[in-house]
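Presented as structure tokens, the chain that follows is alone, the form predicted on its own.
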């Protein structure tokens, strides 16, 4: 399928909304799948550091 202009490419024969929305949803899911484990790792590390400091003080 070829498009004569960029605006025709964006509209995609009337299906542009669904196509671009699908791409946007997929991108959001990819970003969540990358960012979430990183944030969780930081939280686990900070919790462990906090726990070690507490145990060190009580010893």
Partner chain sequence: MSENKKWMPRWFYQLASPRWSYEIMGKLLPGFAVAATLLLIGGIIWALAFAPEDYQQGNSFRIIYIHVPSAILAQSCYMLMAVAGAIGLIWKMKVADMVAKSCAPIGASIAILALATGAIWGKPTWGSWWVWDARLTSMLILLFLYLGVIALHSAIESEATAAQSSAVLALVGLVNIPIIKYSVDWWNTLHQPATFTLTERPAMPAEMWVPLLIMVIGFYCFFAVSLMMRTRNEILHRERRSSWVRELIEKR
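Model, not experiment: these values are computed from the prediction. Numbering follows the first chain given and starts at 1.
Although it is not shown, the form predicted together with the partner chain is what the next lines describe.
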item: Contact flag, residue 57 vs the partner chain in the model of the complex, heavy atom cut 4.5 Å; value: no
item: Heavy atom of residue 2 within 4.5 Å of the partner chain in the model of the complex; value: yes
item: Stretch 41-55 - residues with a heavy atom within 4.5 Å of the partner chain in the model of the complex; value: 41, 44, 45, 48, 49, 51, 52, 55
